[in-house]
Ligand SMILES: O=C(O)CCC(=O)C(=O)O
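The form predicted alone is given below as one chain in structure tokens.
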């Protein structure tokens, strides 16, 4: 797949490499929800973006919207617990996250969902990951972003103040506690984003 990336001047390493997770900073959102953020956890992320964009078997989906089928405005891929991830650094990232959050989460991250936002026209609407256990249990979703930064917005279910986090070029965000039930998140369309971003979402078994 042909792609264009607005590269970061600070991320020119060809070999993707993870840093330590010691620098993670937590923000308490209230109602038992929190986010952990670590900018630039993955160096060499621009090279990883180019490889994933070209080699992942991306699929376009259509979903029912009222009385018609509409195109999902992003490309998707999914790797189950038994599937080999598309790059070794993603397996190492999952292992590092499992080790970091083992006591708090109480189970490993097992699956990886990938979303490819090709440009600013691609997006995802407000939602929580509430298919499966996330609808009734505290859980975690860890997102590693590569490519051009895009804003991830979070807001309380039912409305309220919005939290904005630009994510790209190897940034990590972990949404935990009650976040999937009591908050929702989105990636809005952007007139500024002319190039792509890929997010890799690590989840425990039974959470989508």
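Nothing here was measured: the structure is a model prediction, and the numbers come from that model. Numbering follows the first chain given and starts at 1.
Beyond what is shown, the protein has a form predicted in complex with the named molecule; the following relates to that form.
Problem - Candidate spot 35, 100 and 139, all three touching the named molecule in the predicted complex (heavy atom, 4.5 Å) - result: No, the candidate spot makes no contact with the named molecule.
Practice task
Consider the chain as shown here, without its partner, and state which of 52, 152, 42, 174 has a heavy atom within 4.5 Å of the named molecule in the predicted complex.
Solution key: Residue within 4.5 Å of the partner: 152.
Problem - Interface membership of residue 121, the named molecule in the predicted complex, 4.5 Å heavy atom rule - result: Looking in the predicted complex, residue contacts with the named molecule do not include residue 121, since no heavy atom lies within 4.5 Å.
Handout entry: Residue contact check: residue 93 to the named molecule in the predicted complex, 4.5 Å heavy atom
Key = No.
Exercise for the section: Answer yes if any heavy atom of residue 115 is within 4.5 Å of a heavy atom of the named molecule in the predicted complex; otherwise answer no. Expected result: Yes, residue 115 lies within 4.5 Å of the named molecule in the predicted complex.
Practice task
Find out whether any non-hydrogen atom of residue 29 is located within 4.5 angstroms of the named molecule in the predicted complex, and reply yes or no.
Solution key: Outside the cut-off, so no.
Handout entry: Residues of 126-144 having any heavy atom within 4.5 Å of the named molecule in the predicted complex, listed in sequence order
Key = The stretch 126-144, when checked against the named molecule in the predicted complex, contributes 127, 129, 143 at the 4.5 Å heavy-atom cut-off.
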